[in-house]
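Let's start with one chain on its own, the form predicted on its own, as structure tokens.
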Amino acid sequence: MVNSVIALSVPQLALGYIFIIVILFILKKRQISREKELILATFRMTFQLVVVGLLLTVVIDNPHPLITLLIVSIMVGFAVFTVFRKFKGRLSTALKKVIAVSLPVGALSSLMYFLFAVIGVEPYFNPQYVIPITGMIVGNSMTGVSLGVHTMMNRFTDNKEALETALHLGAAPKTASKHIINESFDAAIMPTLNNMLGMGIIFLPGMMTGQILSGVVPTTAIMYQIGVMLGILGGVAFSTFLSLRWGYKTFFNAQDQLR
């Protein structure tokens, strides 16, 4: 097996931007007004990845627990902020507090278990492992919480009359909301389950592909990918479950009435 990595030069990478030109041509031809979004997305992707690449090079070459902790905290903070921004003022203050707690608790508990129990990272703050795995688990947990909360809010709106009827008949808020929580949890974890179903047959996941391209033995890459996907599933499930388990209560007042 050849383990050498084919390094991409700037001119070679520039050839990849031909795809952008082709897509711009298609958009123009079909009169689809997405040119600005495509150009902005391409620019931001390039700029952000270059900056992150330079930053990671420095951090990995000079590992320090406080720096690793700071980067992880920033990633988690941005994930929570992104969830808030997606709902554009639709979240109550109480539900924001729930998300601000449930997302970090669920994602970081899965992250720590995966890093220390599954991989056994040494030293514990090794940024080469901690930072990229944090990104994958926290990013997917953010998506899961967003889907779960979005579904829950819609279900409470669509089933308002049925919920009020159940409450008038003596049902506790937890009982009346059970089917909403279950549906919301199912909607949140379904994308992750679909990814797991298609891995290895329909597509090769990004982490595994990257490791193979960098010269890692495929069997090692597969082991890491399986472990990471289990960690992602755990992060998504725990974060979403906590956000729904605590979040449904914010839709009721102290008298167990719908707000």
Partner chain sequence: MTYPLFYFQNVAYQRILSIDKMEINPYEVTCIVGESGGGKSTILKLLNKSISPTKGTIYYHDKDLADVDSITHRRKVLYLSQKPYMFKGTIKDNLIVGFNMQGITPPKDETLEALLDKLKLKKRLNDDAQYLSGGEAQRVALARLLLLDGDVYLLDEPSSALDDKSAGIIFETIVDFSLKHQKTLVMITHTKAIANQYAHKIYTIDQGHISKEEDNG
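What you see is a predicted model; the values in this text were computed from it and never measured. Positions refer to the first chain, counted from 1.
Below, we turn to the form predicted together with its partner chain, even though it does not appear here.
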| item | value |
| --- | --- |
| Per-stretch contact check against its partner chain in the predicted bound form, the hit in 102-110, 134-142, 162-170, 83-91 (non-hydrogen atom, 4.5 angstroms) | 162-170 |
| Close approach of Gln128 to its partner chain in the predicted bound form, 4.5 Å, heavy atom | no |
| In the predicted bound form, Thr175 touching its partner chain (heavy atom, 4.5 Å) | yes |
| Residues within stretch 231-259 having a non-hydrogen atom within 4.5 Å of its partner chain in the predicted bound form | Gln255, Asp256, Gln257 |
